[in-house]
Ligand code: GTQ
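Single chain ahead, written as structure tokens, the form predicted on its own.
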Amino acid sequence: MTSLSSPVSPSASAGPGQPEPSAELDALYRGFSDELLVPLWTEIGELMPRTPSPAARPHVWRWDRLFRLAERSGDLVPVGRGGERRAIALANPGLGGAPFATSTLWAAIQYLKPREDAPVHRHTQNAFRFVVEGEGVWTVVDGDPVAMRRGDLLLTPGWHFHGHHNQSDRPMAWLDGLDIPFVHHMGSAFFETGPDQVGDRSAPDRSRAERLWAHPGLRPVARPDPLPNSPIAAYRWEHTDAALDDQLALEREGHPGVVEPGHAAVRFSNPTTGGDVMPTLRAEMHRLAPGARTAARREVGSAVWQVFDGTGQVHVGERDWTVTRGDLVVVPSWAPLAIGTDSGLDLFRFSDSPIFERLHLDRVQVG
């Protein structure tokens, strides 16, 4: 796109729909620049492309490499006020070094050493944690301690105080997902530190939020109002795993319920609305049976996928990767995605789809 800091000038020869070069046209363009104006006819190809052309690129990050670097950072970088978190963000190669997975999504590996605390703070950005391996950390959200275990999805909606404490003798790492880039671009970010101590250091098997809300199909009558974020603090792996298993079992028995042959999927939802867990973020879990292949799919909006278990092949645009446990793949807006596996594959996915659906800018193409 043309920079407003330098004069706009006509091309040496006029292209389709462009005026013929002339001294008068040069003077007109200089006048535009002097007044900080840009004529649409010189920019329309970039501002209104025939299909989305996001700056973010398809890319893969390998979990084993990320984890080794996180371990090393644990030896060298303290956790405390100032840095707040030992979190290492994925920087998309198309976004000029910004710590963003896509222009709307943040993804990072967070690492906590044994018996270590991450201090309490809150921010307007929505956040979640997804655990690929390990246990022993509790995240304390508004004073409610929530256990973190392999396969769990844990929510920290915007402007809720939260800190973490590792009660075990082993380090733990997990995926952080947030809408930081979206909030940043919208100029709506606020941040506030909380108490120096994490607070409730008990280690209950179930949080208070789970005891109130996490009963399938049941909702407390005393809490009738819809909430913008899901009040379920943790979606436990045993329930997700069973739901995916049942979908594939029903398919084998000849009953509908899967996305496509051999492809089961569930979406984590807000029990007070039936919608997404947070207004800006969608979270899903996918399971491909051995030998399954998905149809190519494009959609407006971006996504990050993380392999939870198994090995498979991921095709994004013109890129192809073999992926295994923990690997992370970014899918930019409108990039075609297809996934296959010979041995079986479980994947966690999060996306910015709720934003585009609310704005009626969503579009999907399959095949």
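Quick note: we count residues from 1 along the sequence shown, nothing fancier. All figures in this text were calculated on a predicted structure; none of them were measured in a lab.
Keep in mind the form predicted together with the ligand is missing from the figure; the text below concerns it.
Query - Joint contact, A87, Q110 and I180 to the ligand in the model of the complex, by non-hydrogen atom at 4.5 Å - result: Heavy-atom distance to the ligand in the model of the complex: all three under 4.5 Å.
**Report entry** Contact flag, R287 vs the ligand in the model of the complex, heavy atom cut 4.5 Å
**Finding:** No - in the model of the complex, heavy atoms of R287 and the ligand never come within 4.5 Å of each other.
Query raised in the report: Going by a heavy atom distance of 4.5 Å, is D152 a contact of the ligand in the model of the complex?
Result: Because no heavy atom of D152 falls inside 4.5 Å of the ligand in the model of the complex, the answer is no.
**Report entry** 4.5 Å heavy atom contact, R129 and the ligand in the model of the complex
**Finding:** Yes, R129 is a contact residue.
Query raised in the report: How about H121: is it within 4.5 Å of the ligand in the model of the complex, going by heavy atoms?
Result: Because a heavy atom of H121 falls inside 4.5 Å of the ligand in the model of the complex, the answer is yes.
Query - Stretch in contact in the model of the complex with the ligand, which is absent here, among 96-104, 288-296, 121-129, 270-278 (heavy atoms within 4.5 Å) - result: Among the listed stretches, the partner-contacting one is 121-129.
Query - Proximity to the ligand in the model of the complex, single hit among E210, E116, D144, D176 (heavy atom within 4.5 Å) - result: That would be D176.
Requested in this report: Sequence order please: the residues of 159-177 with a heavy atom within 4.5 Å of the ligand in the model of the complex.
Outcome: Contacting residues: H162, H164, D176.
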